[in-house]
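One chain comes next, on its own, written as structure tokens: the form predicted alone.
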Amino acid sequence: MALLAELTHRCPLACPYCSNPLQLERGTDELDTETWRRILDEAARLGVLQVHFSGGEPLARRDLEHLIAHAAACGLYTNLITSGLPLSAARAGALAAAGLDHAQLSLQDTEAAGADLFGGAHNILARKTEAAAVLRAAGLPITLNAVMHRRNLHHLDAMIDTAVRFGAGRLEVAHVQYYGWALRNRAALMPTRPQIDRATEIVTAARTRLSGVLVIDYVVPDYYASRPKACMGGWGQRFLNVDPVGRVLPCHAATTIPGLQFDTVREKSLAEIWADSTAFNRFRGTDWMPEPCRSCERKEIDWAGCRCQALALTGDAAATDPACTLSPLHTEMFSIAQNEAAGDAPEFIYRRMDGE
């Protein structure tokens, strides 16, 4: 089990593929340090093994080192998911001293102009290069998270080389997932099928070439898939997310689903919410599934796919994920990808704190 601790929605970037909710939470409404410590205590008792400190940008929290130290004292494996932009050598050293086990650093592009364009900020690549250096100097292992789309897939070879140069042990070739803010920018981000095929070839060759040096995670974008992914390992199966104001979610985009009521840690314990909340039980297991999912031999492999994607494309969060060839809307989903990828890419709608 894993806990995603979304400490804040504050962020120095304005990425057009941001996976956070459309409505961001203000810093003044965030959970305080003592509440987060209680959450970490409860998570450890619940059976959580690892905690991912995320955001927004978790480095915006001045108490981050204290939370990492508390998580480590609870016996939790700690991972920091960061843009790296506000990271100094002193802060990296303090994080390592607090007990941080691992850092996951995002990368928008391997060229300075592209990094600034895709991140909606300035001097991004140089600052991320420095962040990787100070993380390595602090003795922290690094995963590089490269978010790929139609405007940067031609730099995939360079992304892989950059991961090696940064000293990363793992690279996530993370194709954009189209819900939340990314759905607004789908036509600007959707790759073509030839781009995907070429990316698959590049990753396959790199895995052989860099065996023992770099682990590469790679998943085909859902719009070009034939079977859905087991989103979050299955709804309410092994993952829970606490957002900046304390709502406990089965996945980080679950608030897009209308009609679900999410309990908060301000009112209930994690154990109560995990076991009894209507949100966690709504799509848990297989009894809720429609046909053909309920009769499918893969129903406990992919758990019927992504509920947020089903909602975005069908209007019904309980529908079969259109990423599956058994969905009546699978062909339509593929057509959307083809048509949008074939057109001219519109300008990005950047992600800002006010949601506009």
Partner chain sequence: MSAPGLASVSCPRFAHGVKMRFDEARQQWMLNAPERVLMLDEIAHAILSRCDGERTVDALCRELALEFAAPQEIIQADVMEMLQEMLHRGFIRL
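As the structure is a computational prediction, the values presented were derived from the model and not from experiment. Residue numbers count along the first chain shown, from 1.
Quick note: we don't show the form predicted in complex with the partner chain, though the next part is all about it.
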Which one, 106, 79, 177, 256, lies within 4.5 Å of the partner chain in the predicted bound form by heavy atoms? 79
Heavy atom within 4.5 Å of the partner chain in the predicted bound form: which of 233, 141, 93, 285 fits that? Just give me the one. 141
Quick one: which of 45-53, 27-35, 325-333, 301-309 gets within 4.5 Å of the partner chain in the predicted bound form, going by heavy atoms? 45-53
Quick one: 75, 101 and 213 and the partner chain in the predicted bound form, is every residue within 4.5 Å by at least one heavy atom? yes
Can you work out whether residue 158 and the partner chain are in contact in the predicted bound form, taking contact to mean some heavy atom pair no more than 4.5 Å apart? no
With the partner left out of view, is residue 86 within 4.5 angstroms of the partner chain in the predicted bound form by any non-hydrogen atom? no
In the predicted bound form, does residue 187 come within 4.5 Å of the partner chain, counting heavy atoms only? no
Is there any non-hydrogen atom of residue 169 lying within 4.5 Å of the partner chain in the predicted bound form? yes
